[in-house]
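A lone chain, given as structure tokens: the form predicted alone.
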């Protein structure tokens, strides 16, 4: 079998839009199955349900813990929702002390449910499904397994008693197996026992083999680097399209940019910002150290020239308080400290510059979405940001501005280069058009995944 023939694929994820979402994994888990199904493959997405289901799909029991299953067709693929009130009826997806147990049981239930499904490929995502390749091997399942790393920082390490609970032989608890500094690591399990390991950008695949980005797992990854690859994420062009977006004030395209100016004016009015010819800079994302918001706040006093700043996101309490104080004392700054998908569309469309100063970024979707909406990215040269943003030059090459290091001066310098170019509207419009002409759709990424699956099956 190869990528050109319809494959039967099981996808396992802890979140998937529109059923659940805390971040980019939910978008990936919606869009990649959609792209694969459009190529003619059959895709079932196994995911926890965070609210009760009707249970027409039967029940799965793991060590006395019963999951109710329900199926729902979404975007050419079928969601298989697994519900257990004790583990998942809690109001949010993550953030509980027993998360390792919740998702350990989910992985075991998913493995049980899909093991008899006749799948060619089982595609697991992050630590929450890391035990599945090992569980399937224990069941004699012949499906090829892929383990995708979206963020290596989270590793699902816990007391090894979880292995007994979910039916993994303790013979796997050793240095070459799931043991990691005396604990059982579901992330390490995925890396060691999957047939293939993939990260969400080529640069991140290289970075996680180094101490700076490896979070202690770099030795394990280097050992298994022969089965490691990096495939850049895409964005869903059905959701992110400035020419049809229902959430924006006006529509526009790279051939007809007038609507972008209307979106900017509407955004300034919405947040009581003066209608002046200054660039609107935006930050949209989770507010924690990884995303570099503290670097941006430190860089603000070093920015030359006028600007307006809009921050949308939620996260670390101390960071949110600091952003609130900044907005209070800086009349050009607005802070919206919540998750708001609809508002994010209006901000992407109405901004001139999108800033993403991440300390590390496995892929990043914000910089791709911003370019789709003609908003020029200013990013740190890391992970997927380095794979998608290239430095603007006087000859008109490049699609954004990059900086190295973690210092506010380096970020301020990149923002100052962007603001200086903004004052030359002819060159700026040319850069905006260039950004909008880039192709970040899931088509190319989906084909690369299908080729990876096909190579394993052949």
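Residue numbers count along the first chain shown, from 1. Bear in mind the structure is a predicted one, so any value in this text is a computation, not a measurement.
What follows is about the form predicted together with a small molecule, which we do not show.
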The listed residue (285, 377, 279, 234) that reaches within 4.5 Å of the small molecule in the predicted bound form by any heavy atom is 285
Note: exactly one of 146, 168, 371, 312 sits with a heavy atom within 4.5 Å of the small molecule in the predicted bound form, namely 312
Quick check on residue 434: any heavy atom within 4.5 Å of the small molecule in the predicted bound form?
no
Is there a non-hydrogen atom of residue 230 within 4.5 angstroms of a non-hydrogen atom of the small molecule in the predicted bound form?
no
Given that the small molecule is not shown alongside this chain, does residue 183 nevertheless sit within 4.5 Å of it in the predicted bound form, heavy atom to heavy atom? no
Quiz item: Can you check whether residue 346 is within 4.5 Å of the small molecule in the predicted bound form, heavy atom basis?
Solution: no
TL;DR on 210-218, 184-192, 250-258, 313-321: the one with heavy atoms within 4.5 Å of the small molecule in the predicted bound form is 313-321
